[in-house]
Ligand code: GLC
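Consider the single chain below, provided in structure tokens and representing the form predicted on its own.
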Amino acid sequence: MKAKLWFLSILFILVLALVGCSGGGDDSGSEDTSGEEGTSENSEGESSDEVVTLTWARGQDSTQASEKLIEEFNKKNPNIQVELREMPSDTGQQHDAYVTQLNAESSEIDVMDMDVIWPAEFAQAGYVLELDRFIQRDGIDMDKYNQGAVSAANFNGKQWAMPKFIDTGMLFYRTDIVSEDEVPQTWDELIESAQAKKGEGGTEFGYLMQAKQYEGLVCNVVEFIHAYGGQILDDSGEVAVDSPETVKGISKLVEIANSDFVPGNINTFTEVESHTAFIEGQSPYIRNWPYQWNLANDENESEIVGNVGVAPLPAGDEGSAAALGGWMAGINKYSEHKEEAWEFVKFMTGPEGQKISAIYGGLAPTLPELFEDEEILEANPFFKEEGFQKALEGAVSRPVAPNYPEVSEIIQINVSKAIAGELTPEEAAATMEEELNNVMQ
């Protein structure tokens, strides 16, 4: 009995000691402020020493831009450290990988790069966090951004992603093989020149493009279709792809993709395969995005440093057309560190982050003021060249549709069949018309 009383006394003393260490009962039931917004402050309102690790997902980066962005941000934010998760370079595969994770409400990714065509879809699906509260709180002036890029991430009057960089298709050429007055002005001139220049300067091909069945093929075919006066959807959103102009554009793409001056396996080429062949000196011409300039002049990667020029894509019957692209940065709705994720998005898409991306990645800023920055122009002299400016002027958007993935898949499949000879360009256009009408209803 005495032993039992002794044990209970000791237990009572221990309980009192634990209550005393709790700091009192007034705040014991208070809400955890480090939850959804990821706030890392202690009871005194001071920053804690806890380090939050963010996962940033983006496609394969062949430049130093991503590494430099992370390095600089981590240095400035010791309590927030960013780690990179590399996604597939194929944008379609990247999109599907995101969807798989986000459908499962996974919090593994905090910040994600998104193709310019994804924000509306991801917002409607509830995958990404609405950013207006952060933008307003931190006084971000969205009027300073390229408004086309801003609108691409605006859905139902709300901003779901921040514009990271803009893209448009361009023609890059070897200045040691092609003189300035030889740069082709039309697609027919390109065919003639690519045939003639093939083999010069150690080249194996005459022209490089992206013809794999993926989003890059849609960009290429949009350029051909618009260059010859066609369109996929008209200004009111109605399907208008089955026209003589569209057929002519598809026919020209098919002609080039089946020529003997492109790689025999061109239907497997994405940006990665095409830019690799170009910087290895295998072709005098390539259709690619602005980052190609920086990569081609990287002494650690390229064999053609200092021998690269840029021009608008060749014209068809109605002039030159370039697919408008670009990438956005958004926050996973299921991230456990939303506040910290915003800090990284704000840095990456702000003046400092975009400057890093421009200098080390050759990425065209969505902040027009940066085109006047001397360091950016020194790293990307083509930003001030007439060819670059004209290429931007010829930019056209891909079909604007809430169910864009379905639209894109229909285009990819039918154009791929035309390249493979399974459909004529006329049959491809007619089939697209029918299938697009079915999914657009």
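Just so it is clear, the model here is predicted, and its values are computed rather than measured. Note that residue numbering follows the sequence shown and begins at 1.
The discussion below concerns the form predicted in complex with alpha-D-glucopyranose (GLC), not included here.
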alpha-D-glucopyranose (GLC) isn't shown here, but in the model of the complex which of V178, I266, C219, V82 has a heavy atom within 4.5 Å of it?
-> C219
Pick from G326, G206, G353, P312: which residue has any heavy atom within 4.5 angstroms of alpha-D-glucopyranose (GLC) in the model of the complex?
-> G326
4.5 Å heavy atom contact, V116 to alpha-D-glucopyranose (GLC) in the model of the complex | yes
Although alpha-D-glucopyranose (GLC) is absent from this view, report whether E215 comes within 4.5 Å of it in the model of the complex, heavy atoms only.
-> yes
Is there a non-hydrogen atom of T91 within 4.5 angstroms of a non-hydrogen atom of alpha-D-glucopyranose (GLC) in the model of the complex?
-> yes
Can any non-hydrogen atom of E271 be found within 4.5 angstroms of alpha-D-glucopyranose (GLC) in the model of the complex?
-> yes
In terms of non-hydrogen atoms within 4.5 angstroms, which of the given stretches 136-144, 253-261, 188-196, 326-334 touches alpha-D-glucopyranose (GLC) in the model of the complex?
-> 326-334
If you look in the model of the complex, which residues in 163-180 sit within 4.5 Å of alpha-D-glucopyranose (GLC) (heavy atoms)?
-> D167
